[in-house]
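In structure tokens, one chain follows: the form predicted alone.
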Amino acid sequence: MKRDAKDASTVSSRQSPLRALLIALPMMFLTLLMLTAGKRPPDPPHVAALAITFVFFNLFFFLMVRTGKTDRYRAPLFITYAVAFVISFISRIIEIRGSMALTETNILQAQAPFCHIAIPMVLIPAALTKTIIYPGTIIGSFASISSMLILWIGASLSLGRGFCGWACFFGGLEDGFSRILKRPVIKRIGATWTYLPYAVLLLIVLTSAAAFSPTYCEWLCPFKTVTEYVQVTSLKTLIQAIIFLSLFLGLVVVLPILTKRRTQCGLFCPFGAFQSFTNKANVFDIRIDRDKCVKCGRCVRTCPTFSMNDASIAEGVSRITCMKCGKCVDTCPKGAISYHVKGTPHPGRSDRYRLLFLYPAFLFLATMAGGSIRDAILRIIKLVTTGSMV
């Protein structure tokens, strides 16, 4: 029987149910260990939240291994993670401070949870002056600076810019909005726009170093809309709030819907631009078998971060901005695109390379997302039973 083109792209990565289960067993153990931290859940709601989260994660990992499809099963997890993070984060902040608003007192007392997007703004002033310019605690609190830096270093070494496709708790929001329409309304975006994030990165690093203040967080971060924001007490803070809301609606909601791309991540985010450089140090990349490629352009049209173009296809490798989400691998009708381990033959054992990538990528996703999803489930149970999430 002749296979159709769509099936041909994943046939080499598919596994039998038994083999897929055996491959997934170590991940089951690791996710259970991570979710429980070696402790028994204290009550039935915690047991239910733990069980749902554990089954949810491992079902999707099994399906990734079984079917050979990566993005198809990464995306639901990633989007759920983003929604759960917002529910969990806002609820926790309200419990701690009583409001999403960040007051001057909160800033002076270093009560702002540290966000990975601030990393480029923090590193250079810290290297030059040994001063942390972010109003958060170094250790010992919720989302401390040290804990986020450790997670970022580990993710960067393991995944490179794959951090943006597997670990960033904001990326799932625009990923979700980008999948609402079946076809894009805006089909072409000029290549020049893909260099904008590097300009934003340079701008915020220089201004943050000069002002000793995280300027992106203060003026340009769209995600202040769904996390925390400076309390509106003056014309300045009102302008900041309007900017945050406008950028969120434009870059995270409207443009992803119209373009079916991650426009905040691919066209604006300074952390994404900064993280692209870690792809050079990461062992994994995406390769294109030019002998199989028929130049249909599907990978170029569907890449969320504009990491495929004619030049990259001609070179046989994705651009430095690739976040290794696997969408191009899933989409390619000829199976010409695959995960690859640098320094190994290409074409090679693409199925093996993919599994080698999936373990650290999925484990980081489970590490970053597991607590948020479990906590969100607990808060939803609490809302149903008590009428309040906090």
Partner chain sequence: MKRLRAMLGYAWAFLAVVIVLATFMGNRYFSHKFVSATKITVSPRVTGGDVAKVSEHGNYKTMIHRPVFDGLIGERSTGFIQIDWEPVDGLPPVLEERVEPGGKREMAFTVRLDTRSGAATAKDHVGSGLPVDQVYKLRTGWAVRVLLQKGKAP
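Because the structure is a prediction, the values reported are computed rather than measured. Residue numbers count along the first chain shown, from 1.
Not on display, but discussed next: the form predicted together with the partner chain.
Shown without its partner, this chain lists 126, 242, 254, 232 as candidates; in the predicted bound form, only 126 has a non-hydrogen atom within 4.5 angstroms of the partner chain. Though the partner chain is absent from this view, in the predicted bound form it lies within 4.5 Å of a heavy atom of just one residue from 248, 169, 284, 177, which is 284. Residue 147 belongs to the set of residues with a heavy atom inside 4.5 Å of the partner chain in the predicted bound form. Among heavy atoms of residue 134, some come within 4.5 Å of the partner chain in the predicted bound form. Within 4.5 Å of some heavy atom of the partner chain in the predicted bound form lies at least one heavy atom of residue 34. Residue 120 falls outside the set of residues with a heavy atom inside 4.5 Å of the partner chain in the predicted bound form. From the list 313-321, 72-80, 288-296, 150-158, the contact stretch for the partner chain in the predicted bound form under a 4.5 Å heavy atom rule is 150-158. Looking at the partner chain in the predicted bound form, residues 139, 343 and 368 each place a heavy atom within 4.5 Å of it.
Contacts to the partner chain in the predicted bound form (heavy atom within 4.5 Å) from stretch 350-383: 352, 353, 356, 359, 360, 363, 364, 367, 368.
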